[in-house]
Ligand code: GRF
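The form predicted alone is given below as one chain in structure tokens.
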Amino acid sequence: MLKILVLVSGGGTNLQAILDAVDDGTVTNAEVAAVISNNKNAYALTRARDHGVDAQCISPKDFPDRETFNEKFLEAVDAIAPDIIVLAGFLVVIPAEMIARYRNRIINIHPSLIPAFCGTGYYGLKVHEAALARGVKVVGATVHFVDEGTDTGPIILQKAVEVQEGDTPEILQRRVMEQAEWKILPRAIDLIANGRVAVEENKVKIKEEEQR
């Protein structure tokens, strides 16, 4: 059983998609063991507790410097001993030591088709604002492993979403979540939980499903 730790800063819609997918059997051989947020007011913490999942807040604001925060944050993660860490809208830079310790065991959902509209400064609504300003016709979402760069780790899954006439950043953001993020993030977790994802030469290989 894959033990999942979800890190989140806000409302937790992607967390909810994971919880629902585990409940309905879309994700198999996995459980959400814990949720950590850097924001004590994040609704994601309520979602987790309502679901019976251990939830805690660890915020950089509560420590004298980032080094101390990183140390305590990593201690909390290690205490949970997750098999996989899912960044579901987590707006804190992951410590390099944690990336090294959990190499190819941290995944992130990004609301664009990487390498478009990704990297430093591209998060949340900013991604969709940039896409509309550029006039692209297709956007989407990407699930990837986390490395030391920003949105540069090996790509696991991507799903495209069409831009429609009259879209605002908010409308587009919602469509990308509904049509892409909430589908491919649980799918990636299920693939990993069932041993079907391998990283070779910084690229992801998805193994064919075994006949049962």
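We number the residues from 1 along the sequence you see. Remember, it's a predicted structure, so these values are computed and weren't measured experimentally.
Just so it is clear, the following notes concern the form predicted together with the ligand, a form of the same protein that is not shown.
At a distance of at most 4.5 angstroms from the ligand in the model of the complex, none of the three residues 22, 26 and 190 contributes a non-hydrogen atom.
Among heavy atoms of residue 109, some come within 4.5 Å of the ligand in the model of the complex. The shortest heavy atom separation between residue 131 and the ligand in the model of the complex exceeds 4.5 Å. Although the partner is absent here, residue 11 lies within 4.5 Å of the ligand in the model of the complex, judged by heavy atoms. Among residues of the shown chain, residue 173 is one whose heavy atoms approach the ligand to within 4.5 Å in the model of the complex. Contact with the ligand in the model of the complex, judged as any non-hydrogen atom within 4.5 angstroms, is confined among 131-139, 70-78, 83-91, 97-105 to 83-91. Note on the partner interface in the model of the complex: the residue among 155, 45, 30, 177 having a heavy atom within 4.5 angstroms of the ligand is 177.
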